[in-house]
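A lone chain, given as C-alpha cells: the form predicted alone.
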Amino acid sequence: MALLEIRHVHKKFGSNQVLTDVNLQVEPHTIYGLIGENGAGKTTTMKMILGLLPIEEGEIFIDGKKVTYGANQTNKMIGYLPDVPEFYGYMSAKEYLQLCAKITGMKSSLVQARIRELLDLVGLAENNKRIHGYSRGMKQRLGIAQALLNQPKLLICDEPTSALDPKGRKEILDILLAIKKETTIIFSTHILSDVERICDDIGLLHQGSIHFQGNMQTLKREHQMEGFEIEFASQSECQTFSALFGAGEQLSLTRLRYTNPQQGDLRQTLDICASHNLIPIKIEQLEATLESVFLEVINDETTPRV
C-alpha cells in the first residue's frame, strides 16, 4: 500500500484553478521528487497534505488514514522541513530539540537517546554553539533533526537545498539518502540535478496537473535521445573530423554534437578517427536528463496529462 496517496484533488483560490485532478502515489521508504515551475502548485499540494488547506474535490490518505482540514491527526505521522527553518537563536541544538520533544509530548525516557541519535546523524553532536552562530547548512541539518524527532512515517522537504553551497547541498542529500530506510520522503525542489541524484520516483506538476510521474530510469527511457558529442584537443582536429563525418552542432571550438540519427553512428565515428589518426579526448552518447525531459514537457502544451 502507498504511504501517501492523492486521489483526484482539485483546488481553487477564487477564480484561479491551482490544482486540477491531481493523482499521486508515494511508496514506503522511497524519495519522491516533486518538481515543477514556480506557481505550478507544489506548495499548495504540500499544504493540503498537511491539512492546512481545505480540499475542494478529491481525497488525500497517509498510511491509509484520510487527511482532514483542521483536524490534523495525520500530522502525527509527518515531519516537515521548510526551505528556511526558524529557531530560537539563543538555544543550542540540544536545548532546541529538548523543547520540541516537550511540545510534542515525547516520553521523557526516550528523549535524550533520540536527541543524541539525531545530532549524530546530522553531524551536530559535538557542536556547542548557539543556533544564531550556525551557517545556513547547519540550520538545515538541525531542521532535519527536528523534523525526524517523532520518527515520522513521512518527511516533507520543501526546497531544502535551494540556498546552500555545493558542500551544504551534498550534506543534506547524503542525510536524506541515509534516512530513507527510516521514513518516506517527499523532496520538492527546482534543482533537478539533486532530484536525479537521490530520488527513486518523480512527479512533474505543470499548470496544476501531474504531467508525468514514475521511476526515474523509466522516464529517461521514454524520452531517449539519439546521437553523441565528441571533443578534441585542438580546433584543427575538430575541423578535420567535421569535414570527414559531416557538420554537427558546434558546441565550442573543439566540441561537436550530432543528433541526426543517420549521423549518430559511433562505429563510423571510431572508424574515421582511427583511419585519420584523430584522437578524441571525449565521446559521449547522448541520453535524456531530467532537465531535458522537464523542458520538453513545459514547452509542449500538448503533452498528455497522467
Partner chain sequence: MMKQLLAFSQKEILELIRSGRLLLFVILFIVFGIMNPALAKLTPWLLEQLATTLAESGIVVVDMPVDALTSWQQFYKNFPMALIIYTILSAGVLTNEYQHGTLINMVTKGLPRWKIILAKTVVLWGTWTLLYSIMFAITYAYNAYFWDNSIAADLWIAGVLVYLFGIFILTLVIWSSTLFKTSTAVMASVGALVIGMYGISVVPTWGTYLPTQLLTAQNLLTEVTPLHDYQFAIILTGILIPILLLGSIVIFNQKRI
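Numbering follows the first chain given and starts at 1. Between two forms, the rigid core is defined as the largest C-alpha subset superposing within 1.5 Å. This is a predicted model, so every value here is computed, not measured.
The same protein has a further form, the form predicted in complex with the partner chain, not shown here; the description that follows concerns it.
- With the partner removed from view, the residue among I191, L219, L121, M106 that has a non-hydrogen atom within 4.5 Å of the partner chain in the predicted complex turns out to be M106.
- Only one of the listed residues (T161, T183, Q146, Q213) places a non-hydrogen atom within 4.5 angstroms of the partner chain in the predicted complex, and that residue is Q146.
- In short, of 236-244, 269-277, 51-59, 22-30 it is 51-59 that has heavy atoms within 4.5 Å of the partner chain in the predicted complex.
- The partner chain is not shown here, but in the predicted complex it comes within 4.5 Å of a heavy atom of E95.
- Contact annotation: E86 falls within 4.5 Å of the partner chain in the predicted complex, judged by heavy atom distances.
- In the predicted complex, the partner chain lies within 4.5 Å of some heavy atom of R130.
- By the criterion of a heavy atom within 4.5 Å, K167 is excluded from the residues contacting the partner chain in the predicted complex.
- Of all the residues from 88-103, those having a non-hydrogen atom no more than 4.5 Å from the partner chain in the predicted complex are Y88, Y90, M91, E95, Y96, L99, C100, K102, I103.
- Remark: with the core as the superposition reference, the CA shift of K180 between the shown form and the other one stays below 2 Å.
- If you fit the rigid core between the shown form and the other one, you'll see the Cα of I131 move by 2 angstroms or more.
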